[in-house]
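Given next, in structure tokens, is a single chain: the form predicted alone.
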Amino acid sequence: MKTIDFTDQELPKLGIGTWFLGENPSTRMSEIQSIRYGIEHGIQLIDTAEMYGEGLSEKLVGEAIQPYDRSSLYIVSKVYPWNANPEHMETSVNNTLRRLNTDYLDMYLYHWRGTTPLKATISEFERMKSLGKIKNWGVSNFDTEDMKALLSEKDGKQCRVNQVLYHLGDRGIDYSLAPYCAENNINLMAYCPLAQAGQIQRGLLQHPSLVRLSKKLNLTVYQLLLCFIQERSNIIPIPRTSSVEHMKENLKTLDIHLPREIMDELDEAFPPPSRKMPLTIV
């Protein structure tokens, strides 16, 4: 099984994203069954946020994880920018913990950079750690300059993760952000690794090279997209699925290694950027 050294512990190199989950009562049981199937077959990291359905996703995750040993799971949530300050963060994290029905978060992320000075946000993250409400903290949607500003602050180097959009069709972070995070021992989490959000697929799933290579390897195009990310040393994909069948397909990628020649063909079809690109945020 492919694994990643993630904040000083070894995790399977696949997480579960939950954006939009918990919002439709008619699919709720399917979503819970999918999460539980993932847990029962080795997945530990589950990502959510107070923004997702204004807490509905956290409630869904809280229900889904109840039958399992909490210490075997790695639960991530995110705080709104306007709550990432001394006035509101503790209330936000308490509400998140209540919805998740847990005593602590393994990782708490600053969802995107807001107007609160970084120094104040960092200080509050560290206070939440001292209270035992979170074990680690990180950021989301921070570009290279944001990361440099963060790490220049007192305790800024306590940041352990940056969660960003990343998939084969959008490799903008490969030019500077990914190398910078690697140099500073900061893991990356890839959201929308299957180009799931809005129009960002841009015909990706029908690309002739992806169709040809997936057939050659006897994989689905989705599996090939996940495998591409999993071959990277410092990044974990967190695809969203509400289907047990899709979860089964995702799980199979943990035992598939792409040969070097396949990675070379993917690089040729989807070359990494040769200059700094704006960070894609959805």
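So that there is no doubt, residue numbering starts at 1 and follows the sequence shown. Please read these numbers as outputs of a predicted model, since none were measured by experiment.
FYI, the form predicted together with a small molecule isn't displayed, but the following is about it.
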Within 4.5 Å of the small molecule in the predicted bound form, counting heavy atoms only, one of 211-219, 239-247, 58-66, 35-43 shows up; tell me which. 239-247
Any chance Q163 has a heavy atom within 4.5 Å of the small molecule in the predicted bound form? yes
Would H111 sit within 4.5 Å of the small molecule in the predicted bound form, counting heavy atoms only? yes
F228: heavy atom within 4.5 Å of the small molecule in the predicted bound form? no
Is F270 a contact residue for the small molecule in the predicted bound form, using a 4.5 Å heavy atom cut-off? no
Exactly one of A178, V93, L100, L194 comes within 4.5 Å of the small molecule in the predicted bound form through a heavy atom, and that residue is L194
Taking 4.5 Å between heavy atoms as the contact cutoff, choose which of N83, T121, N187, N141 touches the small molecule in the predicted bound form. N141
